[in-house]
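Okay, so here's just one chain, in structure tokens, the form predicted alone.
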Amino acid sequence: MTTMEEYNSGSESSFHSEEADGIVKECIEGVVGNDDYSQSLVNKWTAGIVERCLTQLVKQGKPYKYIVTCAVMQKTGAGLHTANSCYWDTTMDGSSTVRWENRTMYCVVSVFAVAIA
């Protein structure tokens, strides 16, 4: 059985934003695919993206609690600005934000990983 000390001492348990980015991109593409923006599908897409991201992140078996947010916006020329700020242990905790787009929409997904102490 692995103890928390063993988890915390290895770099395998530290949060890797590049790995999370890849998971998020795969999840977005798996849910939205090549679909064009549709107001009637936005709720389904956002719920599917966050659920799929959480499932894939948890499958990694790392000692983290995850928070995932998702925003989908139609491309109309309007601006979209997002920001986040976290007060946490920067040696173990981490975050990742992915901006994905196709010809009709933007999707912005943020993942926050907080180490379980």
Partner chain sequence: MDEDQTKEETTFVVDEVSKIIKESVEATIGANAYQHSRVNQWTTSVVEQCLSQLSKLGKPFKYIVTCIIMQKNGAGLQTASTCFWDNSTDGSCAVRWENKSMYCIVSVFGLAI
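Positions refer to the first chain, counted from 1. Predicted model, so just to flag it, every value in this text is computed and none were measured.
Unshown form predicted together with the partner chain; subsequent notes refer to it.
Among heavy atoms of D36, none comes within 4.5 Å of the partner chain in the predicted bound form.
Although the partner is absent from this view, Q60 stays clear of the partner chain in the predicted bound form, with no non-hydrogen atom inside 4.5 angstroms. The partner chain in the predicted bound form comes within 4.5 Å of no heavy atom belonging to V32. Within this chain, Q74 lines the site of the partner chain in the predicted bound form, having a heavy atom no more than 4.5 Å away. In sequence order, T46, A47, V50, E51, L54, V58, Y64 are the residues of 46 to 64 having a heavy atom within 4.5 Å of the partner chain in the predicted bound form; the partner itself is omitted from this view.
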